[in-house]
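As structure tokens, one chain now follows by itself in the form predicted on its own.
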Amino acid sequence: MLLLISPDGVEEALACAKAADHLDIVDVKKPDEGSLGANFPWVIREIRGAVPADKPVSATVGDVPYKPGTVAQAALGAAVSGATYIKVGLYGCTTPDQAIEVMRGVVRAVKDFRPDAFVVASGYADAHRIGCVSPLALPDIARRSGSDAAMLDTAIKDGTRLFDHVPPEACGEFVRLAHDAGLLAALAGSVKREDLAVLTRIGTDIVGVRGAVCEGGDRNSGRIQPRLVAEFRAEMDRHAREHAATPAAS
């Protein structure tokens, strides 16, 4: 399982650089603009320059509307700015067909520029609260659009978490559908250390966190702490070892 950490700017990216041995992907977002709020192009460039070259940089394009041309152009901007992972929050897409249309535009725009770019179609565990596509529709949307991964996060950051909206069994089904489609499965949404056993057991490929590695556990007012990143990774590794040692995993 890969660990994706989301700094909100260069200062926090430098904290991530200090913990580079303990994380896999540095994800650029702007939390005050939403769950997958997009940051400025120059911030993506500065963060790309601040973290080790062997650590891929991910960038969120935003909690996007159903405007395929607008979103494709924004996604290309993230890639040009230095991101190799491009995440799109399908906030304004109310049907799978709309989501596929948006993601196809993103895939073409990004991969025409950088064929090795990694495109992530992201939906929301609490989709029922905002009226967007169902969480379990995401793997098929990602597959049909040519994306590389399907992801779930939470849209409304009000203290509820991933498993409050999509229970572990349903998250396991999400992962299975993604793997059956040849995709990676990424899960986020106020994930905490106590969730790692389940995320490991169901085969999650990428876990995304912010609050769990921020001072006080606060994704908005807290700052990312290298010590907390290291502790989170140690807990991930412990669960991975324990899972590998179980008869069902061998």
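Numbering starts at 1 and runs along the sequence shown. Remember, it's a predicted structure, so these values are computed and weren't measured experimentally.
Unshown form predicted together with a small molecule; subsequent notes refer to it.
Residue contact with the small molecule in the predicted complex: Arg219 places a heavy atom within 4.5 Å of it. By the criterion of a heavy atom within 4.5 Å, Gly189 is counted among the residues contacting the small molecule in the predicted complex. With a 4.5 Å cutoff on heavy atoms, Asp27 counts as touching the small molecule in the predicted complex.
Contact annotation for Val209: at least one heavy atom lies within 4.5 Å of the small molecule in the predicted complex. Scanning Arg143, Lys111, Lys157, Arg104 against the small molecule in the predicted complex with a 4.5 Å heavy atom cut-off leaves one residue, Lys157. For the options Ala78, Val88, Met151, Cys93, the one in contact with the small molecule in the predicted complex, meaning a heavy atom within 4.5 Å, is Met151. Heavy atoms within 4.5 Å of the small molecule in the predicted complex belong, among the stretches 177 to 185, 66 to 74, 210 to 218, 193 to 201, to residues of 210 to 218.
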